[in-house]
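Just the one chain here, laid out as structure tokens, in the form predicted on its own.
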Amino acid sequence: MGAAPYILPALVVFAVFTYYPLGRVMYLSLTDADMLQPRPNLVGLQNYSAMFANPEFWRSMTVTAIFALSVTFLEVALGMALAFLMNAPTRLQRLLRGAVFTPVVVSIAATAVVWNYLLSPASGPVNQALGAVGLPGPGWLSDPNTALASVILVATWKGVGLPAVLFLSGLQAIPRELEEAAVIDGATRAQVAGRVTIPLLAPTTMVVFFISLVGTFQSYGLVLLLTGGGPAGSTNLLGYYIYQNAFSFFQMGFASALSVALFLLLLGLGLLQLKLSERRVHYQ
């Protein structure tokens, strides 16, 4: 019988919760399904042609690309910097580790409530602090010029803890002998970090980069609670655009076509990441 009886339950669960929903969404993307229509009609590639002809789709893709790349870059850079701080033997090491990881376990709803208060134009502490030094405080989440940047900063605050912990794990797996040998050869701390430690973190960096990128491309919760995609569509991420079409406009067929486009985009990024890992990342 081999290993089949042992892996069959896992395969069944995987098929029911992964492949069936994926197949269902692909089918719905070829129909005119909506929330009020029990039996959708096949319309071929009509939803896809409407998607590519819709300027709101391309605007949403642009906003999503800016958001995803900005948050991913910040999470990788700040996560690595925080990992170096958390790895340093100081009295505040445990406190720092707890403080860095706390936002990860805070719910998105609580995060949105806190940051809505902090960034409130009239009574928020941020604008009050700016006013105390004579600087005008903008409408962080209500101004099209600052809304996307504000959401990027909140998303980075919420998500940077996980990359920091992953980088910390990578740092602790690096043999100390390599860094000690570089110090004996006369390298400064900055040279050891730049020429020994960070290159040895390449596998972790690649994993963190991909996890952050995939997660940010699927983001919609923070946007839903902070800005609702506004103002003037400046924070309308693709994930929120899909949610909006499915549950606000009830256009399940069109929303499914958007979901398939997002799936293919993430699949392409995954394949690119695997290709880059083979060429650029060395594990030994």
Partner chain sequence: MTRTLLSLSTLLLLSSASAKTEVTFLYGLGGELGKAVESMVADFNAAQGDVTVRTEFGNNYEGVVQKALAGIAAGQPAADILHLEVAYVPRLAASGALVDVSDLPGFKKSFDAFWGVFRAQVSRPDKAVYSMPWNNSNPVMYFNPVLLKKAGLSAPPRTYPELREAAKKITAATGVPAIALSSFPWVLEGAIWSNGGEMVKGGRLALDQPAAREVITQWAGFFRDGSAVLQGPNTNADFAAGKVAMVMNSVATRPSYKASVPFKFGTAPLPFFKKPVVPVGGATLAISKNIPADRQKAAWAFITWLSQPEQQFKWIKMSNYVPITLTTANLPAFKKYIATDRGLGVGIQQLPYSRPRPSTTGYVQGTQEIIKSLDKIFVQNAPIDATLKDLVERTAPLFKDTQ
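None of the values given here were measured: they were computed from a predicted structure. Numbering follows the first chain given and starts at 1.
One more form of this protein exists, namely the form predicted in complex with the partner chain; it is left out here, but the text below deals with it.
- This chain lacks the partner; the member of Ser70, Ser259, Gln244, Thr31 within 4.5 angstroms of the partner chain in the predicted bound form by a non-hydrogen atom is Gln244.
- Between the options Asn87, Ser120, Ser150, Thr156, the residue in contact with the partner chain in the predicted bound form by a heavy atom within 4.5 angstroms is Ser120.
- With the partner chain left out of view, the stretch that reaches within 4.5 Å of it through heavy atoms in the predicted bound form is, among 74-82, 122-130, 158-166, 173-181, 122-130.
- By the criterion of a heavy atom within 4.5 Å, Ser49 is excluded from the residues contacting the partner chain in the predicted bound form.
- The shortest heavy atom separation between Pro40 and the partner chain in the predicted bound form exceeds 4.5 Å.
- For the chain shown alone, Tyr27 is not a contact residue for the partner chain in the predicted bound form, no non-hydrogen atom being within 4.5 angstroms.
- Contact check for Leu226: a non-hydrogen atom falls within 4.5 Å of the partner chain in the predicted bound form.
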